[in-house]
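Coming up is one lone chain in structure tokens, specifically the form predicted on its own.
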């Protein structure tokens, strides 16, 4: 039976343990600061504003998810943070320094599999440090450490076409971490995976995050994924993309898959859905089909 939203639970209610966790989080240094960020694109019909006045901070070792309706500028935002797009206004600061172009201080994992198909797992992970001018046995040794961290040591000499989708994304995470970035940026990295592999990858990612000094900003369109992974969730509005709300997730850590039926989880998910789909509250979408069955031949 699908769980219903408990009337007595508010997503802002937090246990003393959760309150203490957020208090400690906000005492940490700010790693990423986004100030008045805007982005416009020229089109034949005039300028289109993708992002407008976006402000938020991400603290050291925080796991922040970004979610919003289609067209809210999630991917544009993360590409600007990665230095792959330039902003039209505002600024992005990493450890207080302006972001100008890509750099090893930011690791990036995309939804699509971006491994070099002609390189082995180990060679893919070694690629970044080599581009930074490192060489020798130390680079190979470090690559093996990252490969071991994502649980793929027995596949270090395999090629991407020999790996499953989940394994490819684990290699992509190891490759992004090999440069020891200050922040890991992830653009719907599990969106192309089946449900079972996706849940497994979420668990792997939390284990990696728990054991490394790494901050994560994670783009997703999946409400359950956002609530399961995040400390805080940045919800964007669409047209243009603006900050709607930043939600402190009241679900205790460490997270477990069975927490998805607990009141705090359900209430938080319900609040996100209210923000993303306010007009659909209590309504069902209907399709403009004419009836094409025999009268009385009903299925419900």
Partner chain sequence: MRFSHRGTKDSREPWFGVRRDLSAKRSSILSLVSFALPLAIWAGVSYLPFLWHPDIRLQISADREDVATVYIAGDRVSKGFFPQITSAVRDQNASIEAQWKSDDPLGGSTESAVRRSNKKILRHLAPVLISNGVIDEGQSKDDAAIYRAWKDIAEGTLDLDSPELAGENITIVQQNWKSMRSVSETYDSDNSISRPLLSLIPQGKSANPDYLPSPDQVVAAGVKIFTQPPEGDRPSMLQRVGHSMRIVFGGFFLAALIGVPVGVLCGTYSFFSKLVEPFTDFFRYMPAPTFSTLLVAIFLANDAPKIALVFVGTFFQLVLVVSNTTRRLDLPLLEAAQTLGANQMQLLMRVVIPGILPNLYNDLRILLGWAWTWLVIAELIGVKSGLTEFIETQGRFRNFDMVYPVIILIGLIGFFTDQILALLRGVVFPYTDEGSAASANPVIKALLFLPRWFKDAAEQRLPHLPDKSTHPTRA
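Residue numbers count along the first chain shown, from 1. In this text the structure is predicted, and so the values were computed from the model without any measurement.
Note that the form predicted together with the partner chain isn't included here; everything after this is about it.
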| item | value |
| --- | --- |
| Contact residue in the predicted complex, from 71, 89, 103, 191 (heavy atom within 4.5 Å of the partner chain) | 103 |
| The partner chain in the predicted complex: contacting segment from 159-167, 192-200, 205-213, 220-228, heavy atom within 4.5 Å | 159-167 |
| The partner chain in the predicted complex: contacted by all of 55, 75 and 97, heavy atom 4.5 Å | no |
| 4.5 Å heavy atom contact, residue 155 to the partner chain in the predicted complex | no |
| Partner contact for residue 79 in the predicted complex: the partner chain, 4.5 angstroms, heavy atom | yes |
| Contact label in the predicted complex: residue 115 to the partner chain, heavy atom within 4.5 Å | yes |
| Contact flag, residue 186 vs the partner chain in the predicted complex, heavy atom cut 4.5 Å | no |
| Neighbours of the partner chain in the predicted complex among 129-146 [non-hydrogen atom within 4.5 angstroms] | 130, 131, 144 |
